[in-house]
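Take a look at this one chain, the form predicted alone, written out in structure tokens.
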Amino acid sequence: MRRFLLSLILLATSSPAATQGLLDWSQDEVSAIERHGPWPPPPAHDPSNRVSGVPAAIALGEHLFNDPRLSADGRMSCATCHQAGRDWSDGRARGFGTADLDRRTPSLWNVGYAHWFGWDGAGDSLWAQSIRPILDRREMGGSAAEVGRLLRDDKALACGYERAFGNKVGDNDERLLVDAAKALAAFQATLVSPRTRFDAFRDAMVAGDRAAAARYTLPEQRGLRLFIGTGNCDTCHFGPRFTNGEFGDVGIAFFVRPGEVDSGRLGGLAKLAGNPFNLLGRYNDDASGASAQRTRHVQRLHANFGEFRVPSLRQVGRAAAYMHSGSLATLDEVVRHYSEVSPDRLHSDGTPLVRPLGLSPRQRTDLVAFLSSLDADAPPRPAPPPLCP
């Protein structure tokens, strides 16, 4: 049935009577477009987190997410840097905490579907990644003892903890830190970006609805054709989330300041191996061990130097700054970078993922138009529910 519908689309768009607002898409192109959906996907579930998807844990996680008492000075919460009104980022080129940071604050949209976390992949679960900024002295500067004390002393949080985990708050601070992070992860996994103009076009193409598909502008269509065609952008930015979830060197400078480099994935894998909260440790709730296989078998190679996570492109036009370092200010600068990137900027030991595309001014404009069609306004979030009604 799918191929029949695709054939109808091809026949309709290649005929003289075809809708003037629709490009002549080949069957292969329509198939490529189809692979970028449907959206939204089913809810994310993390087997390493026993409270993943549990409503009481989601509620507890949302309260903790907005609680500045997780930080050492009581002034910074997760929401300080991951703001709902800024698409779960902070609108800055680089993040900040107790000190200025070297990387951009990533958006939390669709983070529950990832399998590596952070720009360098030093986290292998969303809950382990949620622990890192709490303890990092350059970010929130907190401690397991402070998190444990908060959960024990705050009656509402203690009640929320008992509802989420099925037992009263105990005395093991490290366990309480992990449980707080698992509640934070349960909440963050609910942050799914809205449907977009691209999704409407994709669904219309699959359904053979020419009139609906033609509402997607010609610049957006031309940019999409470039994205899935000669630009080869979907080599890394594929699937419904527009990312392969892995890492690559795309020619962004490694230096963060004179004499100091950010090694990216190479350093991230070293941090992952030394992290007591990784999925090979005792806090993984997945008795099958399947969730730890990726961590067990990943190899740290020198070719990983200078590689950074391939971000999702959903809501990309709202990112404010781009690349791991926030070094490019606009989507037009990003497109120009890929149009003009020098192979000499790529790490010599890595497998080249990019080549200069040599785009014309109109092609750059079209590609930006397509990327902008992956944005949409999210509905306002309601206030978090009370922990214990």
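Keep in mind the model is a prediction, meaning the values are calculated, not measured. Quick note: we count residues from 1 along the sequence shown, nothing fancier.
The next section is about a form of this same protein that is not shown, the form predicted together with a small molecule.
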Have a look at 118, 160, 142, 264 for me and say which one sits with a heavy atom within 4.5 Å of the small molecule in the predicted complex.
118
Listed residue that, although the small molecule is not shown, lies within 4.5 Å of it in the predicted complex (heavy atoms), from 213, 147, 279, 108
108
Using a 4.5 Å heavy atom cut-off, indicate which stretch of 160-168, 315-323, 147-155, 200-208 touches the small molecule in the predicted complex.
315-323
Contact check in the predicted complex: 126, 227 and 237 versus the small molecule, with a cutoff of 4.5 Å between any heavy atoms. Do all three pass?
yes
Is it the case that residue 221, even though its partner is missing from this view, gets within 4.5 Å of the small molecule in the predicted complex, heavy atoms only?
no
Taking the shortest heavy atom distance, is residue 184 within 4.5 Å of the small molecule in the predicted complex?
yes
Residue-level contact is defined here as any heavy atom of the residue lying within 4.5 Å of the small molecule in the predicted complex; does residue 275 satisfy this criterion?
no
Contact label in the predicted complex: residue 269 to the small molecule, heavy atom within 4.5 Å:
no
